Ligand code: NAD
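Presented as structure tokens, the chain that follows is alone, the form predicted alone.
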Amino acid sequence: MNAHQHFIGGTWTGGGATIPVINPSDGQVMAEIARGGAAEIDRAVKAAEAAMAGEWGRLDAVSRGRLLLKLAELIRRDADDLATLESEDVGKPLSLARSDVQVCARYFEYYGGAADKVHGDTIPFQNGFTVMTVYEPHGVVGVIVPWNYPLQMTGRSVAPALAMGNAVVLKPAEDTSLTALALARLAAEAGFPPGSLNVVTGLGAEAGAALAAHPGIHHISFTGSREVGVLIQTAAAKNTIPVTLELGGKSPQIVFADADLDEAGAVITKAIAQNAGQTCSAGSRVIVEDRIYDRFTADLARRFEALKVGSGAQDLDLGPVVNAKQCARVKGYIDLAEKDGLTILARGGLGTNLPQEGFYVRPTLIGNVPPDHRLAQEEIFGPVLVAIRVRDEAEALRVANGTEYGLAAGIWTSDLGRALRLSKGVKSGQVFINNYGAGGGVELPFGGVKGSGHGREKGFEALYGFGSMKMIAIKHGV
């Protein structure tokens, strides 16, 4: 089996050690990727530096935008192949993978259109001076993406970085690198100059750590666990470079008696079932007003019992989780709930003819969970929803804010005043009122507070994170 190679300086290069790529649906090896480390990262950084000093660095914003738009076209042209590859690599249902392809294309389309629209300002100052600000690229940017949404996450970070004129060294997750490599091939076809986009595959502790610590990197964008995020930020601090960190969440869905409960139940179920719960902004805690708790959780239980888990190709409600380690971790939390006497309100079902070696977890609804219990505090990153009973608005807000995370929140109520009070009071980077986007919308700024990280991705705001403001003061006399 030939290993997929790194993409460095516009050429494919590999050799040496490899990493097996496991299909989560059947547990079988489907491919191999090159196991890069410090040497490959160094070569990629040097290729990116050469690109900044050469053709890529000389391109104007309009030309950069056209390249991004061309890449968006190619992604859509190859949508079926990319969706199949993403479904097999991650294990997600094929329909979700198809959606991810379109979102990835939309990122390149959106930032392709925005590339020539990042404007500076003029600042009123003393007579005889003209003062202006301009935005410039950082230079060489390191991007480290997680395994849950490889296509979406790559587009989310790489597109604005390129739009601002940076050269990129991308380290995809070792579990799900295949579509990132496919995007590199399409970028070359679109005409991106050599070295503008480089992809090095490998383990996080090897290639990822080398990228974060490399002195030639001028900005790091990382999405992943809080523990690794601390390591990334520590490494970046030694080189005094900025970082954008998105570090997960334990996002609350707050449901009051005056809400549209049928709509809330449907959206809340989908928000935790999507991608087998492997979504940073998944609404993994449902906080329910006491007087409707029993009725609402009974409705959620009915919805959970109707969910079906299957292989990516079967295209059911959920696919498997990404690997054996994650499967054991999620099941361990469910075992802990049973050990501690929590109430298992419902479990979803398994599809037919599933391979024994697949990493399947039945979606599970757990009731009457104390707010300080581990299941209500820790990011499970699987299809597990915990229900918490509260008396009133004040308690709901305390519980919602009672974790180390602050990524997204949902508020379900027909009382506009209450909705606005809670949206201001909840400590979260995104708030959804009577809907829940799970981070949705390419145009919508996304990021966290507290332990969920800092900096913003998505929307126009992301462009500023991938650029540096320069002030220019010209003395010309009165």
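All residue numbers refer to positions in the sequence shown, first residue = 1. What you are looking at is a predicted structure, and each value in this text was computed from that prediction instead of being measured.
This protein has a second form, the form predicted together with this ligand, left out of what is shown; the following refers to that one.
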So, in the predicted bound form, is Leu74 in contact with this ligand at a 4.5 angstroms heavy atom limit?
no
Closest heavy atom of Gly204 to this ligand in the predicted bound form, within 4.5 Å or not?
yes
Does Gln102 make contact with this ligand in the predicted bound form, using a 4.5 Å heavy atom cut-off?
no
Verify the contact flag for Leu231: yes if a non-hydrogen atom of it lies within 4.5 Å of a non-hydrogen atom of this ligand in the predicted bound form, no if not.
yes
This ligand: the contacting residue among Val199, Leu151, Ala408, Val145 in the predicted bound form [heavy atom, 4.5 Å]:
Val145
This ligand: the contacting residue among Pro252, Gly319, Pro383, Pro172 in the predicted bound form [heavy atom, 4.5 Å]:
Pro172
Answer yes or no: in the predicted bound form, does this ligand come within 4.5 Å of a heavy atom in every one of Gly224, Glu246 and Glu379?
yes
Based on heavy atom distances of 4.5 Å or less, which listed stretch (341-349, 216-224, 130-138, 288-296) is in contact with this ligand in the predicted bound form?
216-224
